[in-house]
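Only one chain is given next, in structure tokens, and it is the form predicted on its own.
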Amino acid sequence: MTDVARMRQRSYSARIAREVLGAWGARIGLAWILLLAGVAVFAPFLASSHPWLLSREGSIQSPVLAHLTAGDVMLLTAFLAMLILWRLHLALYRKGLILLAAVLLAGLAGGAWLKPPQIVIYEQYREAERAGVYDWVLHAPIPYSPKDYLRDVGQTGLQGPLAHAQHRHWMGTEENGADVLSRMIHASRIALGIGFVATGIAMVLGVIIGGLMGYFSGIVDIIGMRLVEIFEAIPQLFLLLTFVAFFGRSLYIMMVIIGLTAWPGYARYVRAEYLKLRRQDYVQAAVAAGIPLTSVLFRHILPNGVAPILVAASFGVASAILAEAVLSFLGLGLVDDPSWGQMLSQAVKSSTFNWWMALFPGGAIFLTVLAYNLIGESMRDAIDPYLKKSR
């Protein structure tokens, strides 16, 4: 069989995925995102003051498991479900529904059965270990939780990497004395979470509104375009600042606002694709066969016009991460939870430049945004026929 015949046998999505993964930029970007996702999923086991295992008077306990939350269980379940679904020959939407159901069930079960302590005393394990209470202790690779401010050690705020002789901090400590590497690991959850959730909200709104505009055209298109122009005129950052000032700092409010202000771009892409595809023979045949409108819109037309949306989504995730980082850098992000932008704002304190607080959080933001942009550019190059002809 010739190469041309093999290419024709592959589906369109398989050919695009093969071309995207053939680009070095996309490979590097995908490797960084996968590394970040793995770190985010296993963060409680990678960086925690609660030991993995300890033995006390012959009784073996696992404090890290006792402090797992429903959110931790949901992330672990999502990771395991994706590994299992990866090899199953099911339609993509079926895999998505199974994954969603598994995550929701895990969240409900975790919320019902897991009861982590409300007040956490991080130094109790260190003090008991120094007193010789335990027979043996197995710690996490980074033995510090992101909110463990090392009160039992003394003043450890803004110490450089490996500055403390007894307690090693590979990336130093932040202003309150917490380990920077631990906060970097746990902050990856917030960065990925706000990127995917905010982009997901924007994509759903953009697909629905853009699809209706493109399919019906006429007066629906005119009203929809005016709505798009109104939302495009809303400054996202000022709206975020206003909501934070009135309703307080909340990650969920940030996700919703970024999603509600980012959908017009997706709506424009979807509208253009639907205007092009609505007169195709297979769409007319589906309408003539009496198939419901929702099925025509989202089952027959959408799969053939979804490629440009995926390109825009990769850039959208990067923009959402940057928006959260900017807000945290300005001191209007999350208060106690770790965030790359909030750590970056501590690079200059009392006229002193703390280089580790600029290098590590700033480098993580730069690499994550760069990774999404590399993937997005590779997808655009693979999808755009004019770029292929010009090579």
Partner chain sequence: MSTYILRRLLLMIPTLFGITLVVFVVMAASPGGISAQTLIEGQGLEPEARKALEDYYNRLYGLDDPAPLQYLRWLNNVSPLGFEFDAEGQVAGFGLKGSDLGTSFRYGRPVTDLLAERIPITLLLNALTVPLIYVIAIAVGVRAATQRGKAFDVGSSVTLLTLWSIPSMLAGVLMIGFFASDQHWHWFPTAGLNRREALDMPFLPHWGSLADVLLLFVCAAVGTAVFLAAALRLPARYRALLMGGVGLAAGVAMARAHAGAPDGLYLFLPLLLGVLAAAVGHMQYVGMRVVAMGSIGLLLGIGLAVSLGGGGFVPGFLLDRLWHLALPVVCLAYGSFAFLAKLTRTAVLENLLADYARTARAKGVPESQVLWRHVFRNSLLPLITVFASLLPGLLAGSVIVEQIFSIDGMGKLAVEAVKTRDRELVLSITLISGLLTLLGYLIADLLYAVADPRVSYD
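Numbering follows the first chain given and starts at 1. If you're wondering where the values come from, they're calculated on a predicted model, not measured in any experiment.
Below, we turn to the form predicted together with its partner chain, even though it does not appear here.
- Task: Name the stretch, out of 28-36, 64-72, 361-369, 48-56, where some heavy atom lies within 4.5 Å of its partner chain in the predicted bound form.
- Result: Among the listed stretches, the partner-contacting one is 361-369.
- Is every one of F42, A106 and Y149 in contact with its partner chain in the predicted bound form, taking contact as a heavy atom within 4.5 Å? No, none of the three is in contact.
- Taking heavy atoms and a 4.5 Å cut-off, does V348 contact its partner chain in the predicted bound form? Yes, V348 lies within 4.5 Å of its partner chain in the predicted bound form.
- Task: Examine T242 and determine whether its closest non-hydrogen atom to its partner chain in the predicted bound form is within 4.5 angstroms.
- Result: Result yes; T242 sits at the interface with its partner chain in the predicted bound form.
- Query: Heavy atom to heavy atom, is E229 within 4.5 Å of its partner chain in the predicted bound form?
  - Reply: E229: yes, in contact with its partner chain in the predicted bound form.
- Any chance V326 has a heavy atom within 4.5 Å of its partner chain in the predicted bound form? Result yes; V326 sits at the interface with its partner chain in the predicted bound form.
- Query: Among L237, L162, I121, V220, which has any heavy atom within 4.5 Å of its partner chain in the predicted bound form?
  - Reply: Flagged contact: L237.
- Which one, Y252, F247, W170, Y282, lies within 4.5 Å of its partner chain in the predicted bound form by heavy atoms? So the residue touching its partner chain in the predicted bound form, by this definition, is F247.
- Query: Which residues in 319-347 have a heavy atom within 4.5 Å of its partner chain in the predicted bound form?
  - Reply: L322, A325, V326, F329, L330, G331, L332, L344, A347, in sequence order.
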